Ligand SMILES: O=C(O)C(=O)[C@H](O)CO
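Next up: a single chain in structure tokens, the form predicted alone.
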Amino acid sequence: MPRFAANLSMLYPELDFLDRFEAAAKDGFAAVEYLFPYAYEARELASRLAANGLKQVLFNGPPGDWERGERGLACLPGREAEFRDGILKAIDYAAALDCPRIHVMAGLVPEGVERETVQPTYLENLRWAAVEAAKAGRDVLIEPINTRDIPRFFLNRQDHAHELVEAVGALNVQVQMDLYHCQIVEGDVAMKIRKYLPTGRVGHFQIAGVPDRNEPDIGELNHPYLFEVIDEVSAQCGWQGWVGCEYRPRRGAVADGTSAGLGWLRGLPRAARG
């Protein structure tokens, strides 16, 4: 069974962020991911990881002004210097947290601008980020995100993501395959796993129930079957990555709400949380 990482930006919402590390460890997770580390000192986050025996497996690069709706800078002409400063900051955090992967958020296509117009900026920024990340032994991930949750997001489809990875041509640039987003935009999820995982260009998975982004035992996707597909293909191609649990607990921000909703994980054969 795949290895599962707790997404601390979404799970355990009733707790202060720094207390979520302990909660995840108590529920048996051996790894965590989250959106951004930058509100905290790297040494504090590293201490929480060490104290709870957790691995950091993913976080995002700085997104620009998140509160004002920015969702990444990579595709935005004129923001290259800010993008580069953010990537260098992310690499420093990744080194301090021993995190192998940084998700570089693509950003929103500006109003009235065609996607093709900003793609050269995106590729140039991604190539630069790949070089800098490689110096530090880190991977750069790009993620297709559905346009219902984030309208005008630059990257929406698996085929486009893999075309861009091929265009960059760096071994440390990979795709973050979120099955929730994939189902909403494209469907045919199992066949896309079978198509793309053997390429060696899928660095990480994420999951959530569709359509409401709750636990993966709620909604239209058959996650136990998809986990079996990941297992089957991984055995053939040697993939050893993580599956991030990036969902909103259906019970909400109530005491033990996340833990009570983990029946989907405890019920899996040979369930592996790390």
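Predicted model, so just to flag it, every value in this text is computed and none were measured. One rule holds for the numbers: they count along the sequence shown, beginning at 1.
There is also a form predicted in complex with this ligand; it is not shown, and the following applies to it.
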Hey, in the predicted bound form, does E186 get a heavy atom within 4.5 angstroms of this ligand? no
Is K55 one of the residues lying within 4.5 Å of this ligand in the predicted bound form, judged by heavy atom distances? no
Is the gap between Q174 and this ligand in the predicted bound form 4.5 Å or less for some heavy atom pair? no
Is D139 close enough to this ligand in the predicted bound form to count, meaning some heavy atom within 4.5 Å? no
Of the residues A30, I218, L35, L49, which one places a heavy atom within 4.5 Å of this ligand in the predicted bound form? L35
Tell me the stretch among 140 to 148, 159 to 167, 108 to 116, 94 to 102 that has any heavy atom within 4.5 angstroms of this ligand in the predicted bound form. 140 to 148
Of 163 to 184, which residues get within 4.5 Å of this ligand in the predicted bound form if you count heavy atoms? Q176, D178, H181
